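Quick setup: one chain, the form predicted on its own, written in structure tokens, and binding and motion questions come after.
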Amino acid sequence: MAGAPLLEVLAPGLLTTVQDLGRFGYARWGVAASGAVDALAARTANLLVGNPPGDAVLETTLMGLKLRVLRDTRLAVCGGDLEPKLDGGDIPLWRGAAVRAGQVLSFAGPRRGLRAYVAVAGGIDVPEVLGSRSTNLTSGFGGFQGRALRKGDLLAAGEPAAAGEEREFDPAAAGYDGPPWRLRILWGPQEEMLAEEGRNRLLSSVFTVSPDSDRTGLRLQGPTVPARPGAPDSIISEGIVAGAIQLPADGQPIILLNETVSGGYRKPATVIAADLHRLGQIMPGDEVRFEAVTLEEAVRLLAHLEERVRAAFRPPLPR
């Protein structure tokens, strides 16, 4: 049962939803994972206010979100720099902060990145659906009434943990080094459907992110990536994971994100886990390049990312 309201939505922005780290284990019934596209930013925001990393946060896109704080609390804003303001003055990203009842948090527009995450002490309190508080916009369930936020919505928070030390995080650890973005990939599962020329072109070309991109996937525009002669344009639909790179008949890659569970296009490569969070900050118009790595390198890069992230908190997180 939700408690007293903590946040009032004065303006919902372009797209703001409640998300946690996702809804897993239900793909066999066609239920997508949903969840924060930039999971690293969502986890970090929670940790900065003393929450478990999987608590629900607000994911806001590009610009326009405006929230009134109704009770004293702690919050943190992480992810893309959408020029957050508190009562019109700058509020630092990647840092836990105490805020007072009546203050207004707003986002003027992107300086860098596409999505920002707002965590409040206790986590956004909405009902769990299939083990997650994430919003599934396509199916209309989860999150806040299964939809994007609207003006006038009131959001409650859970019971906050005991207030600890104020923390900050060095965002250099997140590796937001684009644009242009260099994404590491593993070949597969259908890399044999690419011609040698196609493999070379995928790795040597610069692609531009299409405006026709959303939480489902990033559509890329650039040189045509040719398939192997005789390879089918599509395959029998099968399960997919976030980061899978689909190659439709037109040869223009699509990087899948959080709102898809199956697909019938060939998938010659997959973005590695260590780069998945970066997909959440890639904007339309940004340039993307790919670099192939081995499975052993992908595992090492993920472990290195997690070590770097833990070391970026000041004061350090308790073990």
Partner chain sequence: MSETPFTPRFRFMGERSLLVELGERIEPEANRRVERLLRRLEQEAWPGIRELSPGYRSLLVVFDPLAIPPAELPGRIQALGAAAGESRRPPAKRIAVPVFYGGDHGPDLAEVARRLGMSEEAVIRLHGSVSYRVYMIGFTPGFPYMGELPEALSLPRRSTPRTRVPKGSVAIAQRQTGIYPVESPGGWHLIGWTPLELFHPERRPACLLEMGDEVRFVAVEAREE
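None of these values were measured; they are calculated from a predicted model. Numbering follows the first chain given and starts at 1.
Omitted from view is the form predicted in complex with its partner chain, to which the following refers.
- When its partner chain is considered in the predicted bound form, only one residue from 62, 283, 69, 31 comes within 4.5 Å through any heavy atom, namely 31.
- Proximity to its partner chain in the predicted bound form, defined as a heavy atom within 4.5 Å, holds among 197, 170, 233, 192 only for 192.
- Using a 4.5 Å heavy atom cutoff, 141, 241 and 298 all lie near its partner chain in the predicted bound form.
- Contact between residue 267 and its partner chain in the predicted bound form is found at the 4.5 Å heavy atom cutoff.
- The closest non-hydrogen atom of residue 102 lies beyond 4.5 Å of its partner chain in the predicted bound form.
- None of the heavy atoms of residue 180 is located within 4.5 Å of its partner chain in the predicted bound form.
- Using a 4.5 Å cutoff between non-hydrogen atoms, residue 129 counts as a contact of its partner chain in the predicted bound form.
- Across the options 129-137, 200-208, 76-84, 171-179, residues that bring heavy atoms within 4.5 Å of its partner chain in the predicted bound form belong to 129-137.
- Residues 261, 262, 267, 270, 271, 272, 273, 276 are the ones in 256-288 with at least one heavy atom within 4.5 Å of its partner chain in the predicted bound form, listed in sequence order.
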